[in-house]
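Heads up, the chain below is alone and in the form predicted on its own; it's given as structure tokens.
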């Protein structure tokens, strides 16, 4: 594990790995991007943007010193080598879990979530996954590839088994993907645009999941492109930042054992507001769960 001090770290990162409750891992990979590549630059962009924030969250009345975490840097992901990249991330997550830490992954494309979930599922056989995303990502293959950002949740369903994926904010997908969501009753979309809908969705998931361990994955394109233009496949009609954080706070009773924020593409956002939004989101996740 890289313990060097001469690189950009996320705001408030501890230099004491042993005392950290969570480990932050960068996953700079966009090898299967089908739209606009560049999310491999997301992890460092989010870290840099975090320096614009305060360590204190008024919404949670907590600061990062109260939730110690260790930023271990970026996992080695050889350019274009999907299998080795995912294996390296899976191994890094497994090391952190074996050390009794939670993990928070910074992507990178959404396919990296598969590696993190595989590592956690070996420890937590009853793992549940909550996905915030504009896209269903439930295709069996995309452009002939089984391992793709567009197939990530399908691969995760195969790892976990049926009924363990909960999807929020999806507003784009194929007819087959929507049929799968209806079959398993796991989708929450337009209801999140109202406070009543967010409360009802949170209550449903909390009751169904109970005390079982949860992995939370957030594709930044769940936000409306006006709030987060820096992403490879933007989809109009998304959530505001406040809508997203509201539903996340409603889910705080859940037992989160791993998280990620993916698909930030700073190459597509000259203003940098997508990276800032993602950095603030990461801060709130570190403090909330």
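What you see is a predicted model, and the numbers here were worked out from it, not measured in a lab. Residue numbers count along the first chain shown, from 1.
There is another form of the same protein, the form predicted in complex with another copy of the chain; it is not shown, and what comes next is about it.
Colleague: Tell me the stretch among 206-214, 155-163, 139-147, 96-104 that has any heavy atom within 4.5 angstroms of another copy of the chain in the predicted bound form.
Modeller: It is the stretch 139-147.
Colleague: Whether residue 178 contacts another copy of the chain in the predicted bound form should be assessed with a 4.5 Å heavy atom distance threshold; does it?
Modeller: Within the cut-off, so yes.
Colleague: Heavy atom to heavy atom, is residue 62 within 4.5 Å of another copy of the chain in the predicted bound form?
Modeller: Yes, residue 62 sits close enough to another copy of the chain in the predicted bound form that at least one of its heavy atoms falls within 4.5 Å.
Colleague: In the predicted bound form, does residue 171 come within 4.5 Å of another copy of the chain, counting heavy atoms only?
Modeller: It does: once another copy of the chain is placed as it appears in the predicted bound form, residue 171 has a heavy atom within 4.5 Å of it.
Colleague: Against another copy of the chain in the predicted bound form, would residue 15 count as a contact residue? Criterion: heavy atoms within 4.5 Å.
Modeller: Yes, residue 15 sits close enough to another copy of the chain in the predicted bound form that at least one of its heavy atoms falls within 4.5 Å.
Colleague: Suppose contact means any heavy atom within 4.5 Å; which members of 19-35 contact another copy of the chain in the predicted bound form?
Modeller: Contacts from 19-35: 30, 31, 32, 33, 34, 35.
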